[in-house]
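Consider the single chain below, provided in structure tokens and representing the form predicted on its own.
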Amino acid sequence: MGVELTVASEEPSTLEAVNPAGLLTLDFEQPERAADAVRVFSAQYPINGVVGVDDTTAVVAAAVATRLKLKGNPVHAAIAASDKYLQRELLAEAAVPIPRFELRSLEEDPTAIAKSIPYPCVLKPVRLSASRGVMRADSPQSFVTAHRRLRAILADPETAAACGDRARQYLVEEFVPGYEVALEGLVVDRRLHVLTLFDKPDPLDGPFFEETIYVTPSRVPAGLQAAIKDCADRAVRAVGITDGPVHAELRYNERGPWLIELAARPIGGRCSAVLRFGDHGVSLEELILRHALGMSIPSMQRERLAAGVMMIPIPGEGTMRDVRGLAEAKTVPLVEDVQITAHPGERLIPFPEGSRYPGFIFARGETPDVVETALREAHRRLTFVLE
């Protein structure tokens, strides 16, 4: 693209001294202070656009954009998008369909709470992503068990730091049955442009909510897709998102679509590699960067072929020693790549305590059905050796 890049992170790089224009250390826990640091930095190295890549840095990016008068979201919108309770308050006020919810403290007696709520319900951390710590409870006994596990997850020092003042709180939500989809979008001057709608063909009914397959285009009937997109659009406006990528999780059932999650960031992990736009196969990242920099966007139309990605399920708890069948998995027709991101010696932790997938499988084909079949066949050929 011919764009010079500065990468900002919360930990200093050993190469920062030899690449002062390309590497910058910021305090992510204090977005306003980070924005001040970028303003000083930009006096020597001008900044023309800013993009956050996850929930935390989306807030920092919003503060930077506000301070430097760049394209981006208001800080309050980025905070609401990363805080499930604030988000639900805004969505409820705007009458966006969402599960019934209440904010609870971990210090409250879970046995008493368990006797006072309807089932099934979902316990959910306020500021974690990738379904970490999200658990379904179907009875008072399972609620108390889930509460104990969630308390342990949020007691981890690194997790507590990421959650900030929400580390001692959690949400109790109504469980919404139905088929789940994911929407990838780009908001341009307050208008949501839907880039694609993913089907999630594997049921996500709990007790944990580990995601597996995303396939696009969606096989949901056109009329229902329109209702889903309208629900997401209403959510974007309710939260106050004005510019940049959004990733939304929605469910639909006989009562229509429901907004489950909305994030002011692109899709996570390496899943974005499944998306290509226009005649030249432009990546999602390029669309986002072009928008942030005010450059022209040739096309937001996704390619003609169906495409899918499998977030390889965590095979169990243990130290990964080997992955067998990788070459065989890559030979499955329509499979483009199998990427193992976990390394030998890494400890794998299943959901809900874990959230890091050991790898990804990518496929393309003429229809969503054949793509889904290829992903499942490639996964069937993989064997993870754990100790």
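So that there is no doubt, residue numbering starts at 1 and follows the sequence shown. From a predicted model like this one, the values you see are computed outputs, not experimental measurements.
One more form of this protein should be noted, the form predicted together with adenosine-5'-diphosphate, which is absent from this view; the next part is about it.
Residue contact check for residue 233: none of its heavy atoms lie within 4.5 Å of adenosine-5'-diphosphate in the predicted complex.
Proximity of residue 132 to adenosine-5'-diphosphate in the predicted complex: non-hydrogen atoms within 4.5 Å are present. Contact annotation: residue 285 falls outside 4.5 Å of adenosine-5'-diphosphate in the predicted complex, judged by heavy atom distances. Proximity of residue 119 to adenosine-5'-diphosphate in the predicted complex: non-hydrogen atoms within 4.5 Å are absent; the residue sits far from the partner. Picking from 102-110, 202-210, 183-191, 68-76 the stretch near adenosine-5'-diphosphate in the predicted complex, with a 4.5 Å limit on heavy atoms, gives 202-210. Checking 290, 147, 251, 302 for any heavy atom within 4.5 Å of adenosine-5'-diphosphate in the predicted complex turns up a single hit: 251. This chain is displayed alone, yet in the predicted complex one of 238, 197, 311, 128 has a heavy atom within 4.5 Å of adenosine-5'-diphosphate; that residue is 128. Of all the residues from 168-205, those having a non-hydrogen atom no more than 4.5 Å from adenosine-5'-diphosphate in the predicted complex are 173, 174, 175, 176, 180, 200, 204.
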